[in-house]
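The chain below stands alone and is given as structure tokens, in the form predicted on its own.
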Amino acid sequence: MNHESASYKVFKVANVTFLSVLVFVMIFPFLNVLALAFNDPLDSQFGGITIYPRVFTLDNFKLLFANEEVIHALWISLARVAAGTTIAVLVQYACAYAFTLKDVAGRGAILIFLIIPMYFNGGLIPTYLIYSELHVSNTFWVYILPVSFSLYNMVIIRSYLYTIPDSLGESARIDGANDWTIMTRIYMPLSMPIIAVMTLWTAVYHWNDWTTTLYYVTNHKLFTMQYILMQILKEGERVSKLMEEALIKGITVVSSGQPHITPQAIRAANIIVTSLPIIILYPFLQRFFVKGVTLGAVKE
């Protein structure tokens, strides 16, 4: 019979209480923004909104999606996440597989060569000059190519691949399989946990990043949703433009001579729109997450 001591029961109660408070403190700001996004903007100005809308409305989202630049930026962000994540995971996985092959000459020297830039970064100006020389600045590829390889991610994938028995690859090689077949038909199906982890990490990076747009993109047609959000958070001019375009499309933004939509409501709606995809994606990959990280972290 399992008997718990009194001190252990006190510890469990204190632990559950502490973690519950911690979870509430972390979730409350997001729930508050969610409530503001769905609450009537004029009512929100009276304050007192906590975690649920007092006067429910979808006007904030209607105004946001009435702006063609926001819609276009959302598609750019989705395309960046899809293309950038797919290419990055494939490149990093292929490199990791190559580093597990014992007959590849100079693996150690190549690895040291790749590690050096991790400690001695060239900085912003040299990076900008390289992108300009490669003609990727101000193109969609500036989002994809520079971050298609990450040594850190590659090492983690390689550590995971070391947990797969070499005999599987050797048996396939005896049957006539080449490295491409072994990697795609044998190793990849056994690597779903680490592939899921890398997919989540890379997708979150691509979805959240707005500095690449700030530094290397001036074409408005290539702006991402996150960059637009940053502008909305910092510029009143962007909010005024959203409201003007909504007026042109017949969406009510003024009521009885007073603005019906407020910058605070637009910011809240934009934060929800930019956060939602990652929140939806995470539960589908969560079951692979812990297994993939731990297996990739404890090996060589």
Partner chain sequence: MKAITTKADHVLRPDRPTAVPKWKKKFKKSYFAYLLMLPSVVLTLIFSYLPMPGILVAFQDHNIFAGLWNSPWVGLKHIKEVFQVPLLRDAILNTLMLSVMMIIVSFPAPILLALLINELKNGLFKRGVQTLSYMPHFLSWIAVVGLTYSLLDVDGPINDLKLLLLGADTERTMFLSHQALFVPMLLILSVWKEVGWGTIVFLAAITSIDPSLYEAARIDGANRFQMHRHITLPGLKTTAIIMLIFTLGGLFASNFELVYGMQNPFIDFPVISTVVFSSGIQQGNYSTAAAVGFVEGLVAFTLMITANYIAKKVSRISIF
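Numbering follows the first chain given and starts at 1. Owing to the predicted nature of the structure, the values given are computational and were not obtained by experimental measurement.
Missing here is the form predicted in complex with the partner chain; even so, the following discussion is about that form.
Taking 4.5 Å between heavy atoms as the contact cutoff, choose which of Val91, Ala196, Leu161, Ile186 touches the partner chain in the predicted complex.
Of Val91, Ala196, Leu161, Ile186, the residue with a heavy atom within 4.5 Å of the partner chain in the predicted complex is Val91.
Position in contact with the partner chain when the complex is considered in the predicted complex, options Ile71, Leu124, Met192, Leu78, heavy atoms within 4.5 Å:
Of the candidates Ile71, Leu124, Met192, Leu78, Leu124 is the one lying within 4.5 Å of the partner chain in the predicted complex.
With a 4.5 Å heavy atom cut-off, would you call Ile279 a contact of the partner chain in the predicted complex?
Yes, Ile279 is a contact residue.
Evaluate Val136 for contact with the partner chain in the predicted complex, applying a 4.5 angstroms cut-off between non-hydrogen atoms, and reply yes or no.
Within the cut-off, so yes.
Although the partner chain is absent from this view, report whether Asn60 comes within 4.5 Å of it in the predicted complex, heavy atoms only.
Result no; Asn60 lies far from the partner chain in the predicted complex.
Could you confirm whether Ile174 comes within 4.5 Å of the partner chain in the predicted complex, counting heavy atoms only?
Contact check for Ile174: no, nothing within 4.5 Å of the partner chain in the predicted complex.
Within 4.5 Å of the partner chain in the predicted complex: residues from 42-58 (heavy atom criterion):
Read in sequence order, the residues that approach the partner chain (within 4.5 Å, in the predicted complex) are Ser44, Gln45, Phe46, Gly47, Gly48, Ile49.
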